[in-house]
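Here you get one chain, nothing else, as structure tokens; it is the form predicted on its own.
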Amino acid sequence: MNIPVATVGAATAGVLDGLERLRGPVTVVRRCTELTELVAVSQSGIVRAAVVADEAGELTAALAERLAAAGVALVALTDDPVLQARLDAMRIVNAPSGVDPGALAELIATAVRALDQGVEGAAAAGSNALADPAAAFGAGSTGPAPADAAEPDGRRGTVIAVWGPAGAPGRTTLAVNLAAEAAAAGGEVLLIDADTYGSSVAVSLGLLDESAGVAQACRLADQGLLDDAALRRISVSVSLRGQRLAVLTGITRSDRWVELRPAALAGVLNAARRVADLTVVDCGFSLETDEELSFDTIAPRRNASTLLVLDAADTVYAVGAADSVGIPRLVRALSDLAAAVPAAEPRVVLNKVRASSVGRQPESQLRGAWERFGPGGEIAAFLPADYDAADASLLSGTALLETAPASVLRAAIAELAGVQVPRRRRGARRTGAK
């Protein structure tokens, strides 16, 4: 296998001269003067690997994913231990600047093979990563795992994605209250707003945070600087019955979606697994890739962050409104989800369940209709419509467990979260009854 290589940085001169003397499969075809030239050469398709020396400190996960999207493996040369740690965190292959030419040739060949295998595996599995080339060849696919990939106690937290079709089925309401119930029960919980269309977690919790915590976390992850302490520092802490819920607020304007790059968001999720027992992610609704509408196949995709979260999550809750509009939307959306993220096994949650929309005994009616016309699988939970409780919660900027602890909606979400709450006395007036 012939491997043409482009390089940048004067420090590579000696090593590259040694590579050329080897007369092996690794051949230097272009020596660039700066990173922008290297990116242009990589996108031209004439190289399979890039070696960066002097400018290794300017490498980011976004740049690495862009090169990988062009099918170019990245190798950095540096003797700085701090920079080496950053590169490891971004999963960028690196070696000392004085590395033996033979060892460097083997390292380049290994990186290229690993990149090829990653692409073939994604295509064979029908991975949603192909919706965004940057995700398909994500940075770090050939690099070592971060040194701090796990805490000393071996913690690897669970990630839950809350997703659903367009039309406000109640994604944020479920995400916020799932996280709140788990946090109030004593767990270390992180709530992330990754909705690139209409983030609303901050408003739901009464947070006037204009800093967009998830964007800050993504920036640090992109630079390989998102350690556990940094993630805890960025997160906003919300008090719930004496316990704390950590929150990464969403983007403050929808046009900031480009800040949630897949490679960076993947780093945020990895860090979240280390610092929290449970991470709940509020996702955007859209799964479209718009591949046919774009001439730039390397350009970022607005929905790539949603696809990444759904693929990485341990559990996906698919939320739909329990009415004649919401159910068909959910059925179609689940079909799209199966095509976009084949590995996902969503748990269906029907929200706003009420007799006025489906008839007497609404749960029985919905279950029967789902068995006859749905895509298969059981309904994991029915969340009753309790508009008074939901409105009071939103008005006060906190979770249902504080504003409406006796609400039937709160009880249903707590049960879904695996939290025991005192049962309402039989005959007691339901909060929000209409």
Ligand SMILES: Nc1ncnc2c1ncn2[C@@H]1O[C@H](COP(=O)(O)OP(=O)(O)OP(=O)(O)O)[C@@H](O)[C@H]1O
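Each residue number is its position in the shown sequence, starting from 1. All figures in this text were calculated on a predicted structure; none of them were measured in a lab.
Below, we turn to the form predicted in complex with this ligand, even though it does not appear here.
Kindly confirm or deny that R91, D222 and W257 each have some heavy atom within 4.5 angstroms of this ligand in the predicted bound form. Not a single residue of the candidate spot has a heavy atom within 4.5 Å of this ligand in the predicted bound form.
To verify the annotation, which of these, T196, S235, T279, T173, has a non-hydrogen atom within 4.5 Å of this ligand in the predicted bound form? Only one listed residue qualifies here, and that residue is T173.
Using a 4.5 Å heavy atom cut-off, which residue among A62, V28, L394, V39 comes into contact with this ligand in the predicted bound form? For this set of options, the contacting one is L394.
Sort through 43-51, 380-388, 361-369, 66-74 and report the only stretch with a non-hydrogen atom within 4.5 Å of this ligand in the predicted bound form. Stretch 380-388 is the one.
Close approach of G250 to this ligand in the predicted bound form, 4.5 Å, heavy atom: Contact check for G250: no, nothing within 4.5 Å of this ligand in the predicted bound form.
Should P346 be counted as a contact of this ligand in the predicted bound form, where contact means heavy atoms within 4.5 Å? No.
Is there any non-hydrogen atom of L409 lying within 4.5 Å of this ligand in the predicted bound form? Within the cut-off, so yes.
If we define contact as a non-hydrogen atom of the residue within 4.5 angstroms of the partner, is I327 a contact of this ligand in the predicted bound form? Result no; I327 lies far from this ligand in the predicted bound form.
Within 318-343, the residues that have a heavy atom no more than 4.5 Å from this ligand in the predicted bound form: Going through 318-343 in order - heavy atoms within 4.5 Å of this ligand in the predicted bound form - there are no hits.
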